[in-house]
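Okay, so we've got the same protein chain twice, two forms, each given alone as structure tokens, structure 1 and structure 2.
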Structure 1
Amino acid sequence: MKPFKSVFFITILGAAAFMLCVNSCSRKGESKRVDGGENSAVVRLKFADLAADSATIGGQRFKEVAEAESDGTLVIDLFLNNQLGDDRVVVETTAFGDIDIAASSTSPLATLYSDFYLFDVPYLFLSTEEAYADLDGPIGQRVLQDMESVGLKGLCFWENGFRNFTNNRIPVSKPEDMRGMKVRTMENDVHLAAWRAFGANPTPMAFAELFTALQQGTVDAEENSLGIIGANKFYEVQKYISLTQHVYTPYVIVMNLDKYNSLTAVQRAAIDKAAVESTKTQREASQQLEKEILDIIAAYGGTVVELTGEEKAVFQKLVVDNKILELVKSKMAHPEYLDDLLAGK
């Protein structure tokens, strides 16, 4: 092993059938025919987007490309800032078909689709370039394709980003610094095991409660991408931001599989191109926003702690010694995906 990786077309048969179609479409967001000929079946798709600035930019680019490439036969209705529910809710609703497209972080979906535990492995990726190469490469694409088993078409991976550690006590650069700290985490077995291995006290908590909990001292620390830290202004209640970059978390964009398959070839191609183009745009926006957020944190008076490669390696060794890799593989439907990434395939 290498070292640990450094709509439908509806025929109008009569007035009654036409009215039935219109009524049904207005209720369910399905296609309806408008004047203009045989290629004028317009499909409206509901896209549940995330509460992150880069995701808003990505969603807007997706809409722009899909509508243009489909010659106007696709209309993407964007619902920003988690208007339709949190990550897991919108993805489950997309699988049921009440939402057409959804964006979500992968971690909340691991119990729904177990191979997403792959992206919870601490220090699996050591740079964004590594992450992009693997997400866009054979293994990442196999993970997306396998989502068809749960009724979803995996379209692409956007960037949530590297998760970093914030707290209001001391600058943290090594595991001993965070010993005993109450760290807000998601209800995710891998995350919980990793933070225990690092010596912290992981405390699952709803994200909506986090800012107040940090402000009141209910928890000492939290860990999120810089985009989330910035968008939610956690730097106002957390003095120290340690760039631990312990987990790279992607966003995944999914579509109801039956809805995707019901589209015309032109419409499917438009969706596929929108996935590619929005990924490029969203990732670029994410990288730029991270730089701006670090400037905002510094201007606010926060202390940014940059870890060296040697300091990160100490955390990485604890992941191996505490058998976090084995835990992840035990949860995955395809544990060989992790082996292949670690082997550099």
Structure 2
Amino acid sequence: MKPFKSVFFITILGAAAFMLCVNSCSRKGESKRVDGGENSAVVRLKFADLAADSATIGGQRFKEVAEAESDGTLVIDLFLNNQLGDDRVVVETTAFGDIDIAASSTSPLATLYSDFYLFDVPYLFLSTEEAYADLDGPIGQRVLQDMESVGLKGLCFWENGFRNFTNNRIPVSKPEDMRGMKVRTMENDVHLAAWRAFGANPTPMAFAELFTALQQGTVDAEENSLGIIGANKFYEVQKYISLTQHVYTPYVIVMNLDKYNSLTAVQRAAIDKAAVESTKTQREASQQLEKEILDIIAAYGGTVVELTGEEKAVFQKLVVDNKILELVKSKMAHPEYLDDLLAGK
């Protein structure tokens, strides 16, 4: 159910979408084949994973399945907890070919691949079931496939989750409460526009800088999934967590396209299977961890503010009134994906 879905159709702004192509710098990675025994060539793949416990679990499952299904001809070297850099850094490095596989939130990638703006529409998905159905359905899959245009093989969508507003000043349940608060957002124009529409003072910042910025008070607030708030202990430096659930952001797992194409059919099938299996495991882990984190926050002495449907509707209305949907469409290469998704195709 998308209660204010119809409102989204009011205006269609036809605007030229632009896409910055990182393909030009994608190059054929030298195959790092080493002898793996009798006639078999082992390919080692570097997988840059994120700083979320569910992502660690998903990465481990990916490794297990890819290695088993390729009869050991693939070896996945997992780099956990943003060890090789945070979201955009590792994806750019993957397009370039120095990392083979990377995980990232979609939002910081929208300047590289504009159709990801689709997932930045606040309140686009109202339940995880709805998000899974659309991400795994025709439009989500088309968005993944089209990543070949930027030199990446889009493998699958994992879950970061619904994002919530955290701050260190007061319990927040309505836009007035956050007026003037300096809130860190991901580096994404749609998020900036949405937070301005809510009346806050948004500041884009890479994830790697966030904890220190919160700790030092450079920003008052941020917004994130419970999984990220938990794994990165943001609740230790943010007293109030408001369950605004204003946007559901997926993680996308990408592979260097040339590297993927250089694999044998069996190895590619192993990667594809690892994508499917790790998605199931990671999403389950994410759901489980989301439940646990609320208790951890409460035990630490944090305040969790729940929002009623009516309170969330106030934020939704600001999204519509401030033409955030039109902004999203003006930025997408395929704005029709948003229409199709809202029409339930």
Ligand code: TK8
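In this text, rigid core is short for the largest set of C-alphas that superpose within 1.5 Å between two forms. Fair warning: this is a prediction, and the values are worked out from it, not measured in the lab. Residue numbering: structure 1 sequence, from 1.
The second of the two structures is the form predicted together with D-xylonic acid (TK8). After superposition on the rigid core, the Cα atom of residue 111 is displaced by less than 2 Å between the two structures. With a cut-off of 2 Å and the rigid core superposed, residue 207 has a Cα displacement that reaches or exceeds the cut-off between the two structures. When two forms of a protein are overlaid on their rigid core, residues whose CA moves 2 Å or more are considered shifted, and residue 169 is one of them between the two structures.
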